[in-house]
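Take a look at this single chain, the form predicted alone, given in structure tokens.
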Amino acid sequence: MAVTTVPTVESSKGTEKTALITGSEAIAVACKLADVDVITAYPIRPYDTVMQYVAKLVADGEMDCEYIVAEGEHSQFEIVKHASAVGARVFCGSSGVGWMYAMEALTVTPALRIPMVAMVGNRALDDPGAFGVEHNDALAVRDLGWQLVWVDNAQEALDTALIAYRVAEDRRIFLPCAISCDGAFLTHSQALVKIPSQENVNAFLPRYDRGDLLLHPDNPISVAPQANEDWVMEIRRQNYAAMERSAGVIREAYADFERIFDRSYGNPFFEEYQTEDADVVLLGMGTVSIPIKVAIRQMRKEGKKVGLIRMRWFRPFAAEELTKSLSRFAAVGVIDRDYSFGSPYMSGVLATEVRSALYASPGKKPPVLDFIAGLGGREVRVPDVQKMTEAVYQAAEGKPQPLTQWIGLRE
């Protein structure tokens, strides 16, 4: 697909181009700007639009990288895992069951301290077959050491990809990062995106350097040793410490991003929308924020003080900051585009994490309702948001409500 460009914009921070591109194409452009060395590809919708656009950039001579079409998702992730170990900056991605097919490789990548950046084109897990968005694919690695971040527009996709490389490749971290882009709603939707200058990207993103962890004949080291009970706990504790440091490195990266690119995201971990005077708040991840914001503007006209918190980083989870924010509201409604069958109160993953964070919080603990919505790519509509908000208001008034509710089901 051709990129439509509009006149460049001069600023104190260099020359930016503006292009009409999709979320997937924005990720591909970020790979070009980051000068990624090795990219592997295997087609599965809706992620495959990234590899298609990277292939176009390579074919047109606009990008120089090793572009390898693998025979499956498992091989795809294994190739970049080993390429990263020998010092190459890498990228790959997948969706839905393709992400699951790579699970063995995904499992060992954090333990080997491989700072791979991957994109997940969020898609429902078969069966039944569905190309539409759900978040369970990316969430399957939430306990393994992957950093996980959700974006809700193409500009944020490009910017976050650059930030992801900066964070993942920081020697204090060396953990992989998955950028989740909602299938179709983001991966295939075009928007005007500011593409930063190569000069500014180079100032923000240093070259990848493994130092003494480089796998090379001149530097004999062990990779994936059989440690058993002798060292496994110590290795796990090292990964724990790296993830613990991640939040601080993320803050540093966003601060430098704002300084270099003149573009601010405020709190790196979550966005707040009209929360200053809100009585109740809705909380979700990804592109569900779009209909929620539309509904909030309508409800505000009706005198209902409703706000939104959109989570960006799910791992690391900003528990202290989030619970401090949530303690201001009379009730919270979490919108889960995922499921966790058999979980406490049969709630989704995000709601369960939010309740867990609030349990240890010293502040006020507002009631938390969970709404399972938008599975399989089904739209979350403005009337759906209004219905959920009404239930949250009822909970705020002390009226009993089901802790988990399914929204938008067929009658």
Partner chain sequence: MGRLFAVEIVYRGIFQKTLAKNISRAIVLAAHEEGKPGISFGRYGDSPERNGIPAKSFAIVATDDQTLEEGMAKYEPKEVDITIVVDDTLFKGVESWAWYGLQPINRLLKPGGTLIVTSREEPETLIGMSHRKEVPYQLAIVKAIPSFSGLWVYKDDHTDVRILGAIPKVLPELFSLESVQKVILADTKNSLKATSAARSHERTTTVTVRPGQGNPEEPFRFEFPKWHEMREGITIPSIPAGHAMRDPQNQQSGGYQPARNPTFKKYTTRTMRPVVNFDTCIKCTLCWLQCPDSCFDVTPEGLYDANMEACCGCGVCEAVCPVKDCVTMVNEVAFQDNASQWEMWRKDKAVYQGWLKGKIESRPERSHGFRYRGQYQEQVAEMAELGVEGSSKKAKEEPARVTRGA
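Numbering follows the first chain given and starts at 1. All of these numbers come straight from a predicted model, not from anything done at the bench.
There is another form of the same protein, the form predicted together with its partner chain; it is not shown, and what comes next is about it.
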>> Looking at 248, 72, 206, 225 here, can you tell me which has any non-hydrogen atom within 4.5 angstroms of its partner chain in the model of the complex?
In response: 225
>> Using a 4.5 Å heavy atom cut-off, which residue among 221, 294, 86, 192 comes into contact with its partner chain in the model of the complex?
In response: 221
> Taking 36, 48 and 64 as the candidate spot, are all three within 4.5 angstroms of its partner chain in the model of the complex by heavy atoms?
Replying inline: no
>> Does any part of residue 264 reach within 4.5 Å of its partner chain in the model of the complex? Heavy atoms only, please.
In response: no
>> How about residue 234 - does it come within 4.5 Å of its partner chain in the model of the complex, if we only consider non-hydrogen atoms?
In response: yes
>> in the model of the complex, is there a heavy atom of its partner chain that lies within 4.5 Å of any heavy atom of residue 230, even though the partner is absent here?
In response: yes
>> I'd like to check something about residue 255: if you look in the model of the complex, is any of its heavy atoms closer than or equal to 4.5 Å to a heavy atom of its partner chain?
In response: no
>> For the interface check, one of 264 to 272, 96 to 104, 211 to 219, 334 to 342 should have non-hydrogen atoms within 4.5 Å of its partner chain in the model of the complex; which one?
In response: 211 to 219
> Are there residues in 238 to 272 with a heavy atom within 4.5 Å of its partner chain in the model of the complex, and which are they, in order?
Replying inline: 238, 241, 245
